Every structure is written in C-alpha cells, then in structure tokens.
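Let's start with one chain on its own, the form predicted on its own, as structure tokens.
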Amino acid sequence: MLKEEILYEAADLKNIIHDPNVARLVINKDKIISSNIIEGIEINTESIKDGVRIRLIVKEGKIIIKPVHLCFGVTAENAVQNIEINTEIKKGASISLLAHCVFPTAKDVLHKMNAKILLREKAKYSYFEKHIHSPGGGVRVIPKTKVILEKEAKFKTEFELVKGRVGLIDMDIESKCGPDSVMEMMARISGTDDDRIIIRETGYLNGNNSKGVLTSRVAVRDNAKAEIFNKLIASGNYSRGHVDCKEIIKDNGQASAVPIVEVKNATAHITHEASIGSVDKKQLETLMSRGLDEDEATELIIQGLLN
C-alpha cells in the first residue's frame, strides 16, 4: 500500500478525496500530499524544518457546511514532524474541522504542534482531533494551543487517543474568553503498558457572561501514568464554568488529577469534580452476571468512559 493510501484509509479520506466541495489538507511528515481549498476558506502553507507552517482563514460571514478534513501523519518509523498552524475565523463565520494524526508504524516519532486560534465576534469553531498510533508506543506527541474568543464566539474542541499505544502525550491548551463567549474542551485518552499522559487545560473566563467547561476522561492500565491539570479562572461578571475529570486505573496504573478553580468576581461561579479509581463494583458485577468475564467487563466499562 502506498504511503498516501495508508493516510487516506486511516483518516477516512477515501470517500471524500475527490469531492470538490470538501476542503482538505493532508501532510506526511513535511510534505503536502493532498489539498483542496473551497470558497470561503484561505489556506496558505510554507515549509519549515521537519514540517509545515499553515495559515487558515475563514472569511467574514462564511458558513462552511461540510467539515474540513486535516491529516497530519508520519508513515516512517523514525521521524520528527513540526506543525505550526495559525487560524483566524472572521466575524460571523463558522467552521468545523475533523483532524486525524496518524502514526501507524512509529518506533521513534516526535510530533510537535503549535497552534494559535483567533475567533472574531460571533465566530464558531469546532475541532475534533483523533489520533491513531502504532501498537509499539514509539510516538511522542507535544501539542500546544492558545485560543482567543472575542464577543459571542463559540469554541469546541475534542481530543481522542484510544487506538494504538499513547507513548507520550504532553498536551497544553489555553483559552481566553471574551464577553458572552462559550468554550468547551474535552480530552479522551487510553493508556497502556508504560504510556505517559499529561494534560494541561486552562480557561480564562475574562468576559462578562462567558462560559467554559473542561472535561477529561482517562484510563490507565498496566504501568501507564496520567497527570491531569485542569484550571478555570473566572473574572468576568456572571461568568460560569465547570471542571470535570474522571480517571480509571487498572493493574499498576497511576493517575493524578489537579482541578484548580479561581473566582475573582463575586458574581462569577465555578464548580468542579474529580474522581480516580478502579471500575465501579456494581457495574462490574452486573456485566459479569450477563456472561462477561472480569477483564471483558472491565474493558467494556472503560470504553464506556472513553466514549
């Protein structure tokens, strides 16, 4: 199978690769192997050391109906990939993106991403990022993202890494919310063997009536370790926020959760909850009474958490 075909198949691109109405950008290490730009979107790229710098703009008032497909992959066993992406969603514009990061044969791959996202007034941005790793755990993923939401902007992001070994994930995302804006950030990660998971999510509810939710769902088995740092700071009048972290551990897995909430305005309100532990005993007993053994029942509960 050609390298391009490996990425297309893993990222579910085969059905849309020839669709002129779907925007896409597919990168293998530092080479653009496929792209399509549609009306309302500007995508400019340039080569950098071991990667690509991307500038993505959605024009004012443009509503992009079909999801934009991005694929950042490395088909080699050993490589470094640097992705820099600067995104601006103009006033009143809307876009959703479906991104796949694919490392199917990695033995020693470093994937670094630095992203800046600016949502102008009443802009909407939805981003779903799915990782597909090799079973060997030879991937280090280090994404850093900074987001600014202007008045009435809406930002939603989901990160999923449940297929293949994690290796190392060290994720850092920060958002600053303007008046009447809404921010939602979700991470779902499954770790096995000696995987290492680090999540840092920070939200600043600076604007009046701004809202934010930070959610993490993590499972660690074998000797995997997870450290979750969720932080919300509310300073805007009547700003509202919630931090929700749930982690399941099995075998010799280790997990920690540090929810931090700061309220700097008497009219603001933030809540938080965090739980770490083994699978629920009652759920386990119920599934085992229906014919599953303990490992099968445990795995089903973990998948339910991650889904």
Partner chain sequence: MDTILKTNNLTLSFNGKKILDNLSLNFREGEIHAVVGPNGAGKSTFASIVMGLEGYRKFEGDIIFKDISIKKLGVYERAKLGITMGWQEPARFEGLKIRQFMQASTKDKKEDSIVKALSILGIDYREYSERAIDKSLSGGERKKFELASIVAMQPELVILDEPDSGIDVASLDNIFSAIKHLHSNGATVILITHSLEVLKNAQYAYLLCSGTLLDEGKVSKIRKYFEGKCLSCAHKNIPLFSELEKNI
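Everything numeric here is computed off the predicted structure, so don't read it as measured data. Residue numbers count along the first chain shown, from 1.
Below, we turn to the form predicted in complex with its partner chain, even though it does not appear here.
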Using a 4.5 angstroms cut-off on non-hydrogen atoms, would Ser289 count as touching its partner chain in the predicted complex? yes
Contact of Gln283 with its partner chain in the predicted complex (heavy atom, 4.5 Å): yes
Contact of Lys250 with its partner chain in the predicted complex (heavy atom, 4.5 Å): no
Do Leu305 and its partner chain share at least one heavy atom pair within 4.5 Å in the predicted complex? yes
Since exactly one of Lys246, Lys62, His272, Arg240 fits, which has a heavy atom within 4.5 Å of its partner chain in the predicted complex? Lys246
Listed residue that, although its partner chain is not shown, lies within 4.5 Å of it in the predicted complex (heavy atoms), from His100, Arg217, Lys211, His111: Arg217
For the chain shown here without its partner, which stretch in 48 to 56, 254 to 262, 62 to 70, 274 to 282 has non-hydrogen atoms within 4.5 angstroms of its partner chain in the predicted complex? 274 to 282
